[in-house]
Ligand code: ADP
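One chain comes next, on its own, written out as structure tokens in the form predicted alone.
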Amino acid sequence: MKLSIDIEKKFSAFSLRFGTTIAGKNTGIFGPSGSGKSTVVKILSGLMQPDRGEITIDGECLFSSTRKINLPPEKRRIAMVFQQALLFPHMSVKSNILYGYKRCADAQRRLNPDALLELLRLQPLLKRGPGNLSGGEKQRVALARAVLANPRLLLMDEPLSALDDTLRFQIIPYLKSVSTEFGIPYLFISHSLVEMQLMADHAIVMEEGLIREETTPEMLARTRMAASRHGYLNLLRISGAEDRNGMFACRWGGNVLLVSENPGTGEALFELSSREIILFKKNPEAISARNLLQCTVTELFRSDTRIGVELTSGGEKLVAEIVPRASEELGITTGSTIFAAIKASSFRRLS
């Protein structure tokens, strides 16, 4: 998919100027509330008309102010998933899911509804009404309805913001699986850096109606490390939990980590702040932290007044955060060996 956008839209107290080309990537649009993210989505979907500009997708013009082209939403083959599920309350789950599919031209029906229902685990819900669903179930139904419209692009406008943390990180694997399994690229809109790291390959950063930067979510997390109150958030997938005297021993690459929060069965996603990792030049004789990892320094980077230290251990990566003076005193250089101490309570389970 190749999406080219060059648009302007003016309001009484706000102006949008958005121009970029997106090709073959799952892209995130990142920025604070009021930066113009949702306006871009509305314009792309056809729900709002820009003042001037042009939008093309795979060579087809959706909007052109000079050529007087403005395709209506139903002809753009762009589906949306909103912050709220917005299901039809008088329809069953099954009828909601098939709403777009039934209105899709036969030639464009390339998705198997049964395969999607299985992927999203929706079969047990088909006879229910929307009022009998949890928040996460509603979002899965809304996602299925959008995907079965057989779009060439999926727009997701803060689809997780109305959910609590537990549900947010339960839904993310479903969002990614749908794109992977059915080959539908997406634009994912969010003000959450963690969501960007999990959902996007490419990030467009917006502020005050303008594109300020185009980068990767990883680089975005690194450059904003010092300014963030949480620092850089490492995302760790761990598994194989065993109870050890009230803590849980888990596999993470070639390491065993002790965490205080029960990961449950199977694989679990945890976050760990860069500020919760204490570095030692030599193996300390005794520490209270339950995790001590021997690491190799693979990269150093600057974020304002802080130094980010990329570490590898057991085939996995961590980023720790220190002040420049500490870096000098520890003699940290690329390739050096360092020991990282982490409390069991520093790991926070996401899913």
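One rule holds for the numbers: they count along the sequence shown, beginning at 1. All of these numbers come straight from a predicted model, not from anything done at the bench.
From this point on, the text means the form predicted in complex with adenosine-5'-diphosphate (ADP), which you will not see here.
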Which residue, Leu292, Met48, Val323, Ile69, has a heavy atom that falls within 4.5 Å of adenosine-5'-diphosphate (ADP) in the predicted bound form?
Met48
Just give me the single entry in Ser303, Thr27, Thr56, Ser38 that has a non-hydrogen atom within 4.5 angstroms of adenosine-5'-diphosphate (ADP) in the predicted bound form.
Ser38
Does adenosine-5'-diphosphate (ADP) get within 4.5 angstroms of any non-hydrogen atom of Pro284 in the predicted bound form?
no
Contact flag, Gly314 vs adenosine-5'-diphosphate (ADP) in the predicted bound form, heavy atom cut 4.5 Å
no
Give a yes or no for Ser288: in the predicted bound form, does one of its heavy atoms lie within 4.5 Å of a heavy atom belonging to adenosine-5'-diphosphate (ADP)?
no
Name the stretch, out of 59-67, 28-36, 293-301, 306-314, where some heavy atom lies within 4.5 Å of adenosine-5'-diphosphate (ADP) in the predicted bound form.
28-36
Let me know which residues along 178-207 have a heavy atom within 4.5 Å of adenosine-5'-diphosphate (ADP) in the predicted bound form, or say none if there are none.
none
